[in-house]
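Listed next as structure tokens is one chain, alone, in the form predicted on its own.
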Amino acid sequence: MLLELCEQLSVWAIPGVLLIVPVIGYLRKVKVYEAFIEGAGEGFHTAIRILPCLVAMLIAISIFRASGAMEACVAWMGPVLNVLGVPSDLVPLAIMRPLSGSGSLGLATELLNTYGPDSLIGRIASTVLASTDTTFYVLTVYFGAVGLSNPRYAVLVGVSGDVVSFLASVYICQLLFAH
């Protein structure tokens, strides 16, 4: 009953929001179409402003992977993470997740195809994808959008959050699913 209700709500949520927003704007006497056109124009200018940042980040990720630096990080971090109980197959995912969403999704898909979605590694990989973020992508987009060039502590805080989320994902999945 509750599941069916949630499924129906999820189907109608976006069309409902798309209908409610213009109706509320009309009731508040906002020129909805003109406001939409103005917002879309600002979005286009923001996209143009962050494009160089995205290109730089994608090139840096490509160089990181093509140079063999990722394999060197895996070789360096693997023994340390094995001591903490982290399966070595998850190390590339831990490194790639803060850098690229599509790259980490590709690695997780490879793990799911190899070990299966109900395996411990598959469950940990799925939990890591859901509980961590693409920190460098987010910083690039948001900081590029507002023209901020010095991230100060944001990188340290974001990567720290990713490390804690990764280790917590491994710990919780091992606690729940390792029998």
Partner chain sequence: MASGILYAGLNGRIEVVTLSAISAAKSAVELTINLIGVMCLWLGIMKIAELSGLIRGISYILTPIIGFLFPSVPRNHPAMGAIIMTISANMLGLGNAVTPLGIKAMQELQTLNPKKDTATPAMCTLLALCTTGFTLVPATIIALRSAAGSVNPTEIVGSTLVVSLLATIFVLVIDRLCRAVWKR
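Here the structure is a predicted model, which is why all the values come from computation and not from measurement. Residue numbers count along the first chain shown, from 1. Here the rigid core means the biggest group of C-alpha atoms that line up within 1.5 Å when the two forms are laid on top of each other.
What comes next is about the form predicted in complex with the partner chain, which does not appear here.
In the predicted complex, V80 touching the partner chain (heavy atom, 4.5 Å) = Heavy-atom contact with the partner chain at 4.5 Å: absent for V80.
Are any of the heavy atoms in V74 no more than 4.5 Å from a heavy atom of the partner chain in the predicted complex?
-> Residue-level check for V74: no, no contact with the partner chain.
With the cut-off set at 4.5 Å between non-hydrogen atoms, does S88 touch the partner chain in the predicted complex?
-> It does not: once the partner chain is placed as it appears in the predicted complex, S88 has no heavy atom within 4.5 Å of it.
Considering only 35 to 72, what residues come within 4.5 Å of the partner chain in the predicted complex, judged by heavy atoms?
-> Heavy-atom contacts within 4.5 Å come from A35, F36, E38, G39, A40, E42, G43, F44, T46, A47, I48, R49, I50, L51, L54, V55, L58, I59, A60, S62, I63, F64, A66, S67, G68, A69, A72.
Superposing on the rigid core, does the Cα of G161 end up 2 Å or more away between the shown form and the other one?
-> It does not, since the G161 C-alpha is displaced less than 2 Å between the shown form and the other one after the core fit.
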